[in-house]
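In the form predicted alone, a lone chain appears below as structure tokens.
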Amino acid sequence: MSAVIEIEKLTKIYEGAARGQDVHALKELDLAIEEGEILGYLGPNGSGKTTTIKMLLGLIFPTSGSIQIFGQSDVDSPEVKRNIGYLPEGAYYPDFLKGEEVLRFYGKLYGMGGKQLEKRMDEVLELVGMTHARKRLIRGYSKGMRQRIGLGQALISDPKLMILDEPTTGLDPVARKEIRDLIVEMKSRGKTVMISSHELLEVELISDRVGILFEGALQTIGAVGDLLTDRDLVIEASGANDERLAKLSEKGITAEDRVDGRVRLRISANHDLYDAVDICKANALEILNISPRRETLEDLFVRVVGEAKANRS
């Protein structure tokens, strides 16, 4: 596979009003996004995600470093622009327009028209599941329907690269799954997808790789399966009370959840399992089950950002 996006030593400094107030939004970022993959681009607020996206779209310019998209360094070229579909966070569409009118407007921005545009609109509306609501006003759309039309406008030019900023934030579970399925469908059609999101479970479910930024620097990047590990163990037991759990806590065994006398205990992977079982038995707990606790993307995110903060200070 070839890289659709190649970023080398990308730096962006926003000048402050006074000396010493400059903001280093990105610090020598190196990043490559391969053709046909879904990349989750993650980080706390202010980490540099939006700055990266704006530079990929040609809305702002780097202080130093380089960007290549489809092998071209001129990200403002019409050829590059035609092959990028962008869904901004909290996208707004005039509520007096119909769904199909939104797509027609964006299609014309790409230089499309006539039968070509009408055919493409039909295809996109079918793809995003909005054919039934194409003639309804945007003001009558649910948030999930607005996101579907947003994906539709991003797809109207049949781009090779999709950049999606918070595509599922604020949606109910059904709508999130529907949008998630649409993103996976885009990948199956050969599109490369870059997702910036705080919905870490959604990103974990569909991403091939994830990268985590903190204060403008990429802290880690890799395949989801490689980054997530079985870090802890969970012991389910019965017979718990406050006194017994307090004694377990002194030994480094933490109660995660408790309902009446039944408890879920968490121990770190470097804690000897046999010792933990003996401690539980010594405190009159009956072991019901022992299982590994797989790290989630949220766990990884908190760990990586926490380590970055500690190293900074």
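Numbers follow the displayed sequence, beginning with 1. Nothing here was measured: the structure is a model prediction, and the numbers come from that model.
The discussion below concerns the form predicted together with a small molecule, not included here.
- Among heavy atoms of N270, none comes within 4.5 Å of the small molecule in the predicted complex.
- In the predicted complex, the small molecule stays beyond 4.5 Å of every heavy atom belonging to Q68.
- Within 4.5 Å of any heavy atom of the small molecule in the predicted complex lies no heavy atom of G40.
- Contact annotation: G261 falls outside 4.5 Å of the small molecule in the predicted complex, judged by heavy atom distances.
- Between the small molecule and the residues G58, P44, G36, P62, the one pair within 4.5 Å by heavy atoms in the predicted complex involves P44.
- Look at 246 to 254, 284 to 292, 23 to 31, 270 to 278: in the predicted complex, residues with non-hydrogen atoms within 4.5 angstroms of the small molecule sit in 23 to 31.
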